[in-house]
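Quick heads-up: it's one chain on its own, the form predicted alone, in structure tokens.
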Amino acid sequence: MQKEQISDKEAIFLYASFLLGSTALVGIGGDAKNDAWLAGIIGVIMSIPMLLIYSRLSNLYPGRDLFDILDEILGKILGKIVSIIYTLFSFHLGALVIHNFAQFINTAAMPETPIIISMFFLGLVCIYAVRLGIESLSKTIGLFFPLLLIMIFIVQLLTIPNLHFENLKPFLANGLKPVFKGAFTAFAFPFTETVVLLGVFSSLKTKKSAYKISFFGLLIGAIVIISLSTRNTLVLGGLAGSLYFPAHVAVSMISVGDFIQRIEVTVAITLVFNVFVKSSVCLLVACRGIKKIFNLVEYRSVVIQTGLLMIFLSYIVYDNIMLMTYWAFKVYPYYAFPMEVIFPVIVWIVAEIKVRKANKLKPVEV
């Protein structure tokens, strides 16, 4: 089978869309309240060293995905153990994203429809996309993501009459502690979740473009996320940090004359697209992990089974929306820390040592 390839532009849009995921809806830096914008900026800065490490690993082992890298650096046994951990992490993350989407649909649009219906149909679309492959998925993202950015920009402009800059005051009213707590949450969700993208960046056409993709993908994603979070604060004030879906509420307040109203459907469109991208990538990486662990010939052979299991996990993972919010902002950053920071740092250090040893052993050309 011909190797799948994605261009740098498609990879940048994939990266940014993955970052947006469900984050654009639930927001960031809830603990920081009206200083959420500052928490977001600090979260981005905190994540940069880790993104450089992810990019370095991709550059050291071009054409190899996360599981190939783990196998190469850690050996067959330890590499397989860590591969299992990342497979489960990607699988679980995909289920969490699907649940976030379904809770929004159930709360804001179709409260009487069983929540499993939304999960099932989104899961089916993700299964279909992953069966087609990362190349087809990335081309779809390359086509629609610029339109999505235009839509977000227009909505931001329409929100201007509802902006109240006094909502940003008082600055640091509760000190730096809530800001850094919010920054740590943003660091873990979503900025360093991009470790999962190492599972698909083996398909890059240009083998040494990981730094470029990470930089521009982070730039686009961070600007959109922080601007949306700031808009929510400017429109809703301190209330933004206590709402489940502040973006939906903020946009629902837009009213320009008698002809531009009730445009919160744009939030739903943005959410559906980005959640589809993120959950599809998570499913794809989980399937590639299963392929590596069990030495399968093709990851597509387990996509349907894994996708259906992901839908089932998304249904049982939370009992209610309050538990979902508590997990996302209070528990998840600590749960994800080993996969997003500890393991990558260890793997990177070992990789640098091995590369330097290999370079020393190379014969000197005369």
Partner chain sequence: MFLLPILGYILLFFIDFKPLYKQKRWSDFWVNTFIGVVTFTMAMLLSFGVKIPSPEKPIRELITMLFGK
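Since the model is a prediction, treat every value here as computed from it, not as a measurement. Numbering follows the first chain given and starts at 1.
Only in words, not in the display: the form predicted together with its partner chain, which the text now covers.
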item	value
Which of 80-88, 220-228, 195-203, 291-299 lines the interface with its partner chain in the predicted bound form (heavy atom within 4.5 Å)	291-299
Exercise: I116 in contact with its partner chain in the predicted bound form, heavy atom 4.5 Å	yes
Touches its partner chain in the predicted bound form: T306 (any heavy atom, 4.5 Å)	yes
Residue contact check: L313 to its partner chain in the predicted bound form, 4.5 Å heavy atom	yes
Contact test in the predicted bound form: V317 vs its partner chain, heavy atoms, 4.5 Å	yes
Sequence-ordered residues of 122-140 touching its partner chain in the predicted bound form, heavy atom within 4.5 Å	R131
